[in-house]
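One chain comes next, on its own, written as structure tokens: the form predicted on its own.
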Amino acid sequence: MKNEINEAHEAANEKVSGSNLEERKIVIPGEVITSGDDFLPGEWTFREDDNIIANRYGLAEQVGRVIKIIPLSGAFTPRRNNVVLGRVTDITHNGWLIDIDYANKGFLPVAESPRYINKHEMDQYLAIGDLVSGKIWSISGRGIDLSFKGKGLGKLEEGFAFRITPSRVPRIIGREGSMINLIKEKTGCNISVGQNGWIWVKGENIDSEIRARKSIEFIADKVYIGGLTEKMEEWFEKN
């Protein structure tokens, strides 16, 4: 694993020079990403004197004046407003328990459904085994509360779901959704991406769905490469 990280680090950073971050680059904990008062530390970075330093292995990028890191390893850490995918595992008197691949299951209260639900017919709305997309609206010692109130949230029917490493999700989505929108455009598939690494794909036929899955797995395997959008365009031309 250490050799793989070192090779990725060297390969990615050969393309990057200077102290700016016009391109993303691989960094390791303790590495100076850039220097100067013009920059502010963001997620997974901190300032020491004049330097912005990484405290996690991942891709460093500049967003405005902020320098942050997109982790390339590690488990899913739930945060408020994260969209997650999961399966219904149980039905209670006031909601549904949902497996989201985390130590605590998610809980969807009946009140967080976008329409009225008869409590005596809850299994007709969501049954055990159903795949859903929900937004985290509360995290506490009791657990993780989900909501269906939002665009694209709710029960995911037909299609299929698969998983990738959660830390790779930002690269799958891309800046301002650029990468996932490219995949949707090239495959014609509806795609829902959860921050917990679950991905749902539904296309007009099985061939388009498989093409979408392979393209996502291609990105997940090559997150450390610069110019990934251009390489994805080439991938679609060849496949």
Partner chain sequence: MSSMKISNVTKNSLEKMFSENKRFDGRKLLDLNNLEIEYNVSKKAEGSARVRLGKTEVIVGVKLGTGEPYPDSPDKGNLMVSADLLPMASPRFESGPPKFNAIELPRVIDRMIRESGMLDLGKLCIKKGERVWTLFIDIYPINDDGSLIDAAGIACIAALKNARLPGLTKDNFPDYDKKTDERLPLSKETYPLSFTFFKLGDKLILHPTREEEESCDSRITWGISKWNKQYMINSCQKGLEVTFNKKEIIGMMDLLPKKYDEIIKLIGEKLNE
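Residue numbers count along the first chain shown, from 1. As the structure is a prediction and not an experimental result, all values here were calculated from the model.
Form predicted in complex with its partner chain: not shown, discussed below.
Interface residue remark: residue 117 is not counted as part of the site for its partner chain in the predicted complex, having no heavy atom within 4.5 Å. With a 4.5 Å cutoff on heavy atoms, residue 137 does not count as touching its partner chain in the predicted complex; it lies far away. Interface membership of residue 207, defined by any non-hydrogen atom within 4.5 Å of its partner chain in the predicted complex, is confirmed.
At the 4.5 Å threshold, heavy atoms of residue 129 reach its partner chain in the predicted complex. Checked against its partner chain in the predicted complex, the candidates 153, 122, 144, 161 yield a single residue with a heavy atom inside 4.5 Å, and that residue is 161. In the predicted complex, its partner chain lies within 4.5 angstroms of at least one heavy atom of each of the following residues of 94-117: 99, 100, 101, in sequence order.
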